[in-house]
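Okay, so we've got a single protein chain in two different forms coming up as structure tokens, structure 1 first and structure 2 after it.
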Structure 1
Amino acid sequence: MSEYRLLIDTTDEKGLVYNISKILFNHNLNIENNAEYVDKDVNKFFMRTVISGDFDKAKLLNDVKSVLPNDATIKLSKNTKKDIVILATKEAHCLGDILIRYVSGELNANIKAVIANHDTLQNLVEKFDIPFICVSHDGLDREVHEKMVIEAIDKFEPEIIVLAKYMRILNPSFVNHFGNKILNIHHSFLPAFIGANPYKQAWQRGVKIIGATAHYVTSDLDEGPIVSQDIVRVDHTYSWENMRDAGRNVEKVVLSNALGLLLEDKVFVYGNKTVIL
């Protein structure tokens, strides 16, 4: 018997839990897991309920809709592998971490393709029998290159696009095309060290801790809603290259963890914040 995740994102109002749980009860569902959160500041209600049982999906969605405010977003997501596409440039650590999880059955996703603006990682990707598509930006306008990348991605109709150290700044048109589907890893503890070469910036600043941030991509560079962060301690003996190497361990784990949360439909986005249920 399949499991589904009922995902609700709506304006808060009195009686929501009661009204929703009544419907779930009447549909005679098994509730495997339930979590909800109300943000009182913005009057928003979020709910993620894992359900199983023999039920009429259309009727359930309709019944839930009938008790929610008009602005509610309701989704019923099946517990199956989601299609994803990975974008990369030259570095192997984040991509490699996802590939090893994939090959060992730990990743609840189908990697439809890896798309890169260099061919450095082709050899690695093809070891895993995954299509590798190089869309070089050489001699191309940013707009032209992005259109080619969008086309390459769209063929696979992914639910999530993972930027696994894709070292290109994205235009708003690219971001808007995919909406809240793009997950990026930034190699710093945001909002510190926005922009280029954050490890060099961190080294110059003499910090004692470095970090990495996985976030949704919005049209503002490195300003999207944060999904996950982690850190590692450094000291005065670290060159910036040592910081980069230490940071790679953090980057890959943070990105893979954030991807795992998205694949389990645990992340709700609103404004520039996330709720993880």
Structure 2
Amino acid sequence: MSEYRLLIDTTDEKGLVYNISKILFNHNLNIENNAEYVDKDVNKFFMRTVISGDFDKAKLLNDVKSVLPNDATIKLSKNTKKDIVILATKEAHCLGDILIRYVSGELNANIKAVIANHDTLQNLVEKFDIPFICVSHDGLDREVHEKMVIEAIDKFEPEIIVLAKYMRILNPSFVNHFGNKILNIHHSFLPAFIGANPYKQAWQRGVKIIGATAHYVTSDLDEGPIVSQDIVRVDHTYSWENMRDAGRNVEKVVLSNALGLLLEDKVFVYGNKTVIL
């Protein structure tokens, strides 16, 4: 028996949960899990329902649409592994964590390829029997290099693109080509400590909290809708190298957790924020 996820966001009104549930009952579907949320400030309703059974997909969507406001967005996706592509540079901690979770069966994904602008991580990736593609930026201007990366990604038609410490600023044309498909991770020192070695800058200022933020990539650098965040506490006994290690640890955990949320269709994006159900 197939399992699907029904995602709905719309203007809130009385009776939505009842009417949707009644439609599912009439289609002889079992509700395995259900979560909903109303943002009262903007009068928005969000609902994620896991259903199982055999049904006519087109008829179900039409019937659900008939009981919702006209502005409703409805998505019905089968519970299957999503295809992803990972972009990397030289840092191994985030990529390595995802690869380990992948081979251990923690991620509901098919990693189609790892694409990097350096070959530093090739041996690591190939140990997991995953294709590694190096698209070097040496001697190329940014636009030419990005076109080559886009071509490499498009061959795999991924549903999600993960930037595992991919240390290249992306042009709006790249971001727009993939829409809300790109997930990024960065330390949460921004905008206070920018440029090279932010952990040393933070250590010099006596920072007491190190955090990481995973977010969708938009044309506004590091300002896309936030998917997941976390922190670790540090103190005066930490060297800047200790801070860097602590930061890398929280980065890899936050990125993998955020990816897990996307793979399970738990993230709704509206405006520049997210609702996690």
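For clarity, a rigid core is taken as the largest C-alpha set superposing within 1.5 Å between two forms. Keep in mind the model is a prediction, meaning the values are calculated, not measured. Numbers given to residues start at 1 and step along the sequence of structure 1.
- For the form predicted in complex with a further copy of the same chain, the corresponding chain is the one labelled structure 1.
- With the core superposed, N33 shows a C-alpha displacement below 2 Å between the two structures.
- Annotation for D12: C-alpha shift of 2 angstroms or more between the two structures, rigid core superposed.
- Once you line up the core between the two structures, the Cα of D71 ends up 2 Å or more from where it was.
- Comparison between the two structures places the CA of T237 3.1 angstrom away from its other position, after core fitting.
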